[in-house]
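Just the one chain here, laid out as structure tokens, in the form predicted on its own.
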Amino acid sequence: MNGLQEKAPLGVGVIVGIIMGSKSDLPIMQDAANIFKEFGIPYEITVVSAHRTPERMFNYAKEAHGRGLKVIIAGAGGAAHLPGMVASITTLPVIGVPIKSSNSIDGWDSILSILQMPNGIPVATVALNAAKNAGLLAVQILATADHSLTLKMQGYKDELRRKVEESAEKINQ
């Protein structure tokens, strides 16, 4: 479709959609894709601009559930309307990733645009440029209905704990 797709073509066995407002967001959003690779979760990744391609955004959000998606991660910088607009159209959980873009006000415009959604249109929001956390949150959402993902997430957290304990032990020596 646009050269950014990975894993599987759009709509073919994927369960997570990663979308971004611009190709320049890819270095940040790739962190979410890397999490899905690590956990073995089929995903798709593409550009969907709320401002430049509103029909594409509308169709993506409207068709996502019917194509088998379970969660959408939407990254956007600047005015950052993509996550909220997608959330207003779909019934799927949407996780917003505010991105500090070249025209951004230190990322605050993106954070607030995604965070300050009106009642009735929730968007889970992670920290600035934190697509990795968005990926992990999506894994946790999916794990509520998949015990094997629950076990993988527990292993991931156990490894995080082990690394901290190892670091503490080295410092204490």
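Note that residue numbering begins at 1 and tracks the sequence as displayed. None of the values given here were measured: they were computed from a predicted structure.
There is also a form predicted in complex with a small molecule; it is not shown, and the following applies to it.
- Contact check for R52: a heavy atom falls within 4.5 Å of the small molecule in the model of the complex.
- In the model of the complex, at least one heavy atom of S102 sits within 4.5 Å of a heavy atom of the small molecule.
- Although the partner is absent here, I73 lies well away from the small molecule in the model of the complex, with no heavy atom inside 4.5 Å.
- The closest non-hydrogen atom of S24 lies within 4.5 Å of the small molecule in the model of the complex.
- Of the stretches 102 to 110, 30 to 38, 134 to 142, 121 to 129, only 102 to 110 has residues with a heavy atom within 4.5 Å of the small molecule in the model of the complex.
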